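The chain below stands alone, shown as structure tokens; this is the form predicted on its own.
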């Protein structure tokens, strides 16, 4: 255990672990030291000097090696010069003055120096209103400048570093946060400093430019408006927008997001999403998100969204009322009796999937999961459970990544596995992966031999002697049957570790909520075409098997009910089309690949006449006399918690619980952690372990 150190900062005593930097120790007791280059997630650089403070240390008697005492207390000796609090570790008995006249004068002078080269374009700068330079100038800076405006340095604006990120060169204060983030955190060293002095510039050295899936994070941690996104540039002011907590629905990681919204004249007075920002959850995505999560939400606001129910009349789909559409769907399901198939995908929330399964059970219908990956029966029994956190994985842990390119399929897991490896965890990759440069062992199996290769690791010392074993498996180059065999082989390595924190199997699923579908009883079938052809009615939610080419409708096809966001290839063939709400328009919850249930909240008004998926299913069930909860998503989850062992004890109240997280970000000090949002809406809850299920 790290030795504790006690020191005094501005008269307040604080005890922190040995090695803690002064700036972080101060933060823990509510004292903010101004910084620009420092960031709690990166190694200190000491470049900007903004954090200068006075530091005194106990005077040591050279003869005895003991502190010199004065009036019963160790005598403290202050150095002649100020020191940077972001590079100086604490020491026992240290005394730090962050607000002395000497420290304040230095902090003021550094700001005055930075402002000599900074443009006065706050009224149009995207960072205005959440700008660390602006805020620190008001708090610590000079009231007026001693320099002439005409002598200010001018440089090129609106320089594209890539297709998503723009650089305003004259705003840059050369703090190096963006360069260091790409090198230290992302592992994509595609940015660099170029030239020297006032000519110092940030450049991209990759082809294509700024080639990183994590590029948007640099705009969050940039302490000025030098880096902005094409997506949001000149889009809105921070004080004009409202914030809504959400969960990313684009991959199984379950990153915590905040959607910023504003009512906009250009959208006809509608409330629209202006940007997606990271929300802190140290056990999931820390304070980062990938560029897909940041930029790929626009389809949810597309004008092509379905807005009214459609029914087939005279061989064409035509608008209809909800009553007519539900009556027709219910009547045909009643007529079909046992010849009904329910097909769903991991796009749906936990509540949606539970209601669909309840309806399928009531109809004695087959509940099929539409997926390209198998093996979920093993993640439900051998998956990671409560107490698991990638941040705790280091020496003594072995991580296996099999048939998965995490960089593309689950980017934040790529970051977290990379970081665990850098902390000392042993990493084994099976199949091609961008993680190979961090791996201690690489296995490249022949085609069709992936499961066998994993099973062959059973007697490997890295596996048998590991205190913790975490396995992430995917389906790269595998069909569903092969990926199911791979999952079985992975589970074999985990035998006896079920329910133990920081041990277990994680599925790198194609969609965000496929883990929940497996937990709730949905299963894929080997030949969907055969099942489709034999059914009298097929009810499809959140899947497009015809558009994907998986199904080929014949002249005689079953009666087709589709609930969707868009008029997909499958919806075009349907007899009833039911429009549903996007996750940005409703509340609900997802289960990540780590089996963590997390809640999302509505950000924008409902599109047209669309309804939540769980509510649509409840309307159909009511028509058939089947009891399904459709009044609210929270009640639907509570009903699932009452009947599904893995979901036992879950409620929206539990999902909304939070605890203090480190680093402290998202409050009034964006210079410290960036523009990441504080998490006050819930950190999520792991599903019950396999041992709980047995009980």
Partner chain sequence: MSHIVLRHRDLPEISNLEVYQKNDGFAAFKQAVSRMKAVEVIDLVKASGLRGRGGAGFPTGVKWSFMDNNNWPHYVVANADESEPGTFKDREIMERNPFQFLEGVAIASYAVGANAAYIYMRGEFWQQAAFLDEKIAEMEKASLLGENLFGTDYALRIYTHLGAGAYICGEETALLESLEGKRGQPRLRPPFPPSYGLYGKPTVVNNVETLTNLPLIITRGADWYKTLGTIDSAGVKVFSLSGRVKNPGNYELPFGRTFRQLIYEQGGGIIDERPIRAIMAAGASSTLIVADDKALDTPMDYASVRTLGADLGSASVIVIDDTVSIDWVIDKTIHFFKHESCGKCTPCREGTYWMQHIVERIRSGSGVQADVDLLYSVAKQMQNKCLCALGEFSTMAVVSGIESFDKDFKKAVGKK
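Note that the coordinates shown come from a computational prediction; the quantities given were computed from them, not determined experimentally. Positions refer to the first chain, counted from 1.
Keep in mind the form predicted in complex with the partner chain is missing from the figure; the text below concerns it.
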### Message
Looking at 163, 121, 101, 151 here, can you tell me which has any non-hydrogen atom within 4.5 angstroms of the partner chain in the predicted bound form?
### Response
151
### Query
What is the one choice in 389, 87, 572, 609 with a heavy atom within 4.5 Å of the partner chain in the predicted bound form?
87
### Task
Considering the partner chain in the predicted bound form, find the one stretch among 268 to 276, 409 to 417, 152 to 160, 422 to 430 with heavy atoms no farther than 4.5 Å from it.
152 to 160
#### Entry: Exercise: residue 72 in contact with the partner chain in the predicted bound form, heavy atom 4.5 Å
no
### Query
With the cut-off set at 4.5 Å between non-hydrogen atoms, does residue 114 touch the partner chain in the predicted bound form?
yes
### Query
Quick one: does residue 45 come within 4.5 Å of the partner chain in the predicted bound form, counting heavy atoms only?
yes
### Task
Could you confirm whether residue 49 comes within 4.5 Å of the partner chain in the predicted bound form, counting heavy atoms only?
yes
### Message
Within 4.5 Å of the partner chain in the predicted bound form - does that hold for a heavy atom of every one of 106, 146 and 195?
### Response
yes
#### Entry: Heavy atom within 4.5 Å of the partner chain in the predicted bound form - qualifying residues of 167 to 185
173, 174
